[in-house]
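Only one chain is given next, in structure tokens, and it is the form predicted alone.
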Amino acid sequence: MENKEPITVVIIEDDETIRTGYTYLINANKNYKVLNAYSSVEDALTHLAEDKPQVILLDIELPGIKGIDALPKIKTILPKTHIIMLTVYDSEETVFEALTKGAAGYLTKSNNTEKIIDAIQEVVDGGAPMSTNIAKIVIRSFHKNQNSPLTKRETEILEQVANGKSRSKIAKQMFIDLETVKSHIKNIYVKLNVHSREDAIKEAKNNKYI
């Protein structure tokens, strides 16, 4: 069933190639219309009240005000607008922070445009679109042992370790320095009473901490 009026969209994304590409591809479908595309939250905030989009595609990592910090500001201006987060960074902590701050959906940028257009329709219809990997994070969190001695950040780091990521790769992905990662891993070993990576993963999995 076609929409009588196109669903209106605003894009906030600092990568010009992605911003231009999404604008072109969304506008190519007559059921959707990109009202404006901004490279920063600061720029968008001065125009959003006038734009009044039904849906905003919001990059999570932006220069200046981060997408995740912009959520409450945008919801204050446009309480009925649906905000879908776009990210390359799918940590559990970030996912839940975005959802608690008012995000209606969460997609990784590896999704093709068709998936993003489907997500725009889904969110307008009352759904909560998520990439498969994001949905797995949400589901897995419900299956975890709620009495884990590990903090959210420690759990997140141990999950990355269990996935075979190096300490430097984890530091880069989580935007923290290498020494912080090492400190977290040391604390994980102490809390789990283990002395190796393998034992930490085994202990955490046996007790459903990860």
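In this text, rigid core is short for the largest set of C-alphas that superpose within 1.5 Å between two forms. The structure displayed is predicted, hence computed values, not measured ones. Residue indices: 1-based, along the sequence shown.
Note that the form predicted together with another copy of the chain isn't included here; everything after this is about it.
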With the partner removed from view, which of 174 to 182, 48 to 56, 31 to 39, 144 to 152 is the stretch that lies within 4.5 Å of another copy of the chain in the model of the complex, judged by heavy atom distances? 144 to 152
Is M85 close enough to touch another copy of the chain in the model of the complex, meaning at least one heavy atom pair within 4.5 Å? no
Distance check, E122 to another copy of the chain in the model of the complex, heavy atom within 4.5 Å: yes
Any non-hydrogen atom of N27 within 4.5 angstroms of another copy of the chain in the model of the complex: no
A162 versus another copy of the chain, in the model of the complex: is there a non-hydrogen atom within 4.5 Å? yes
Site check M130, K169 and R197: each within 4.5 Å of another copy of the chain in the model of the complex by heavy atom: yes
Would you say whether L45 is displaced between this form and the one not shown, judging by a C-alpha shift of 2 Å or more on the superposed rigid core? no
Exceeds or equals 2 Å, Cα of A200 between this form and the one not shown, core fit: yes
A171 to S39, Cα distance in the model of the complex relative to here: closer or farther, by 3 Å or more? farther
